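Just the one chain here, laid out as structure tokens, in the form predicted on its own.
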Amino acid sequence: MGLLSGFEHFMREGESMAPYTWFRLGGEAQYFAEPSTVDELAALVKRVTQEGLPLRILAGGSNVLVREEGVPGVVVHLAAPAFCQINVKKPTLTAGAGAKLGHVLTVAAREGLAGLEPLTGIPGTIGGALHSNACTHGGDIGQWTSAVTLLTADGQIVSRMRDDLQFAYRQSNLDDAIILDARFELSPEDPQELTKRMQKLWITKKAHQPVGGQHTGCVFKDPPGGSAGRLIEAAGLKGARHGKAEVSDRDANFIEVEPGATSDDVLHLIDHLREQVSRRLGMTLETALEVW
């Protein structure tokens, strides 16, 4: 039995990954799947596990750089409506892994539920945000998460409650299974005040990031008590480039790419920044960007 057998209606071979990532770069996925139901996803995961193939879950693509060689195995994109539902039963909000983080924040504000609004302006989906514990100086998504529903490698659906969840800076203990949805316990607040606060946060965030959003990406984790962008700038690397990839002049922790750029351009520039910051400032930068 071939891997595609029975899954032809939602799975394709040799799909270009560039349109699905913010950098718009990289090669093909060996197999690319967009299941429309949890049952389809569970059946696929069981088959992939049996075949011993690598499996990756693609969220919003803002934090992923795909190599020119492409991605072996199966890439699963959870964009179907079944994975993007948002439900509110105050003070609880439940959101599917594929729901856009920005949409969830808008719904929470409209319903007068506070807590997640410091994440305003962070791109991606709920699944991606939980996986990497999306955070700002105002807090992280993990502190409001009370439960997560997961799909295991053998196709079983399990719930992980608050006491079993672990969140730290840019990481969580949710790497061993596929996130299906999450429940957040939020705090009642006036919807108008929440909306005003989110608008201010949005304006402040966008004033310091590259214009346009896509064809760019944030590269390094901030070191404890510091800023990766400020370290890169202090090392005299603002505006540094390799090929068609360049350090943003608005925020040095972002790399922007021009038409004709390749993933190799970005990877060479990342290596150069890390090496130079280490040599000139004695600081080690850790990559936040996922390289597939």
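From 1 onward, residues are counted along the sequence shown. Bear in mind that the values here come from a model prediction, so they are computed numbers and not experimental data.
A second form of this protein, the form predicted together with a small molecule, is not displayed here; the remarks below concern that form.
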Please identify, from 195-203, 87-95, 118-126, 157-165, the stretch that has a heavy atom within 4.5 Å of the small molecule in the predicted complex. 118-126
Given that the small molecule is left out here, which of 57, 247, 45, 261 has a heavy atom within 4.5 Å of it in the predicted complex? 57
Identify which of 71, 104, 186, 178 has a heavy atom within 4.5 Å of the small molecule in the predicted complex; exactly one of them does. 178
Find out whether any non-hydrogen atom of residue 7 is located within 4.5 angstroms of the small molecule in the predicted complex, and reply yes or no. no
Decide whether residue 61 counts as a contact residue for the small molecule in the predicted complex under a heavy atom distance cut-off of 4.5 Å. yes
Look up in the predicted complex whether residue 254 has a non-hydrogen atom within 4.5 angstroms of the small molecule, and give yes or no. yes
So in the predicted complex, does residue 78 come within 4.5 Å of the small molecule, heavy atom to heavy atom? yes
Thinking of 131, 170 and 217 as one candidate spot, does the small molecule come within 4.5 Å of a heavy atom in every one of them in the predicted complex? yes
